[in-house]
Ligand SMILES: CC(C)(COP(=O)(O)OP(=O)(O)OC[C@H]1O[C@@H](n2cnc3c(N)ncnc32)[C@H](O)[C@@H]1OP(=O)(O)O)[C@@H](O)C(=O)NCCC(=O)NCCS
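The chain that follows stands alone, in the form predicted on its own, written as structure tokens.
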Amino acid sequence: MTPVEVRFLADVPGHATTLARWHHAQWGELYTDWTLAVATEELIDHATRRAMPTTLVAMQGDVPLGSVSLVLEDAPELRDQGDAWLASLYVVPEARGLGLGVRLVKELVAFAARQKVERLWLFTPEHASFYARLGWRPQGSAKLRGVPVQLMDIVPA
């Protein structure tokens, strides 16, 4: 079996549109103006760099299995909360339960530390316990388009 590697989207830019489809299908309802075209444009932009904002991709050979992004803002409603966000953690359904989500989060947090990010934020509608097991701390709640979300943070190290 081919090992899974975590790579920058900049190393596999041809997968930007696939990731955009995944992300938009999963979270599009949380954002007012985040169309599939906007999601695609953002990820095509992420594919141009290995610095924030960027995206990491779990690849098995030529097949993407999941991704996670490091962005400056994840939702306009939360822009005053922080300026570095873990966003769009996604693992394809057939690869869930194999530790890829944990690996992507840990690699993104380590990358944020190398980028000198002092505090990294995220919001999650339903996976707060997953992130808490990885050291993320609850920091209150908010609503995005009527959907309650848990705010969390971590100090990258």
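Numbers follow the displayed sequence, beginning with 1. Everything numeric in this text was worked out from a predicted model, so none of it was measured.
There is also a form predicted together with this ligand; it is not shown, and the following applies to it.
S.K.: Tell me which stretch of 112 to 120, 51 to 59, 96 to 104, 37 to 45 has a heavy atom within 4.5 angstroms of this ligand in the model of the complex.
M.R.: Answer to the contact question: 96 to 104.
S.K.: Decide whether residue 91 counts as a contact residue for this ligand in the model of the complex under a heavy atom distance cut-off of 4.5 Å.
M.R.: So residue 91 counts as contacting this ligand.
S.K.: So, in the model of the complex, is residue 143 in contact with this ligand at a 4.5 angstroms heavy atom limit?
M.R.: Although this ligand is absent here, residue 143 would stay clear of it in the model of the complex, with no heavy atoms inside 4.5 Å.
S.K.: Under a 4.5 Å heavy atom criterion, is residue 133 part of the interface with this ligand in the model of the complex?
M.R.: Output for residue 133 is yes: heavy atoms within 4.5 Å of this ligand.
S.K.: For the heavy atom contacts within 4.5 Å of this ligand in the model of the complex, list the residues of 1 to 20 involved, in sequence order.
M.R.: The stretch 1 to 20, when checked against this ligand in the model of the complex, contributes no residue at the 4.5 Å heavy-atom cut-off.
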